[in-house]
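As structure tokens, one chain now follows by itself in the form predicted alone.
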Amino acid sequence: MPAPEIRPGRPQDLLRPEVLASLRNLELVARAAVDGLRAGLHRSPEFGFSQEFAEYRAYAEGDDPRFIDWNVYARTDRTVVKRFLGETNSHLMVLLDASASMGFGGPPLTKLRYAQFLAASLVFLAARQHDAAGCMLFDERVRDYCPPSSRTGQLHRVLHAIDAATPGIGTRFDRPFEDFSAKSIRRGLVAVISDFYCEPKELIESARPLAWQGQDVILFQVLDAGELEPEFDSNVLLEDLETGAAVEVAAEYMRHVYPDRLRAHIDEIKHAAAGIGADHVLVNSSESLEEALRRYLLFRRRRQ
């Protein structure tokens, strides 16, 4: 099937799932998503996209050496780095759920692939803002971990880890959250990307220590259109991707009872997140990444 046509003058079209699905290089996807968002927002200073020079500050361990001003060093023997308007100098940590249930969805994208695009876009955006960024991939255990850094090569390391994620087994939030809490020494932004098929109380109890540490937490709940608005004309046998358990479900139940139960589950997670000061964003994997990224930028602005 040929790649979808992208009309000139519409960079936001690069954020559509059917276009993203035709692209294989995760860094190119992240770059396209962020550049499309930037163009769509007309480089609004409200969202911190301006990269005009603002001031110098002393070089500190962990700073990216690419931003050292060698001309100043040659004149004064002082090592300083350039700061830019819109720079927040924050840490971003992406916790990506790579459990079996995230392999559901499509076409054009499974929930996991959409989540990978979202995670990569957040990390790429952090790099544009001169922020340190890292990631943790998990299912029932931590499968990969890249500590936050802004050093040269970090963007490629994190994107490679995200791109390598495949659906695993079940989901546990206590272990990865405890692991991250133990490793984290600086406060920053924590973006958890998952379908959150779990008990809301268990999720929030796992996330509460992050809030106590002063981390700013945002939960991206990624669900497929088939989960949000199922279309069944007859009874269907549904299988749990994580446990293998199967159950026959009547079409009438899926039309009239299931939507209310799903909405109640989403609302419970949202309200529980608010109780620990976290944000919650519901993401439909059949829709553009633009709204999710915009919500993230608004979240950043409020927490600055």
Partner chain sequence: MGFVAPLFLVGLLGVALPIWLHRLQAQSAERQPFSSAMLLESAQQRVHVRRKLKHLLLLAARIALLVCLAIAFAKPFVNNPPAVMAATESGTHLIAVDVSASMGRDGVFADALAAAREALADTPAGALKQLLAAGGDITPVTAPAVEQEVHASALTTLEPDSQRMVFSELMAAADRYAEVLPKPVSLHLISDFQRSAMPSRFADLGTRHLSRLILHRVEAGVSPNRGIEFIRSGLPGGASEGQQRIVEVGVVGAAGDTVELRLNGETVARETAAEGTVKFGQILPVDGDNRVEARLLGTDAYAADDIRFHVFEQVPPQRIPVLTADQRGLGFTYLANALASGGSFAALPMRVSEFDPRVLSRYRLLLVEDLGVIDATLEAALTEWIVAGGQVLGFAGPRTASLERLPVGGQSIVPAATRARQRGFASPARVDGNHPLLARTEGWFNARFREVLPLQVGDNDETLVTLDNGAPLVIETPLGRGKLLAVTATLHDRSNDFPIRAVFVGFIVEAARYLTGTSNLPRAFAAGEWFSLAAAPGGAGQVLDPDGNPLLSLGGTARVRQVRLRQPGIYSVYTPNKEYAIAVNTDVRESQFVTVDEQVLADWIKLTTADVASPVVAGGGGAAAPAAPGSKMLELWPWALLLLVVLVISESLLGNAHFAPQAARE
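Numbering follows the first chain given and starts at 1. Predicted, not measured: the structure shown is a model, and the values here were computed from it.
Another form, the form predicted in complex with the partner chain, is not on view; read the next lines as being about it.
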- Task: Indicate whether Lys270 is a 4.5 Å heavy atom neighbour of the partner chain in the predicted complex.
- Result: no
- Message: I'd like to know whether Trp70 contacts the partner chain in the predicted complex, with contact meaning heavy atoms within 4.5 angstroms.
- Response: no
- Heavy atom of Arg113 within 4.5 Å of the partner chain in the predicted complex: no
- Item | Exercise: Glu227 in contact with the partner chain in the predicted complex, heavy atom 4.5 Å | yes
- Note on the structure: The stretch from 152-160, 196-204, 117-125, 176-184 that lies within 4.5 Å of the partner chain in the predicted complex, judged by heavy atoms, is 196-204
- Message: Under the 4.5 Å heavy atom criterion, name the residues of 246-265 that approach the partner chain in the predicted complex, in sequence order.
- Response: Ala246, Val247, Glu248, Val249, Ala250, Tyr253, Met254, Tyr258, Arg261, Leu262, His265
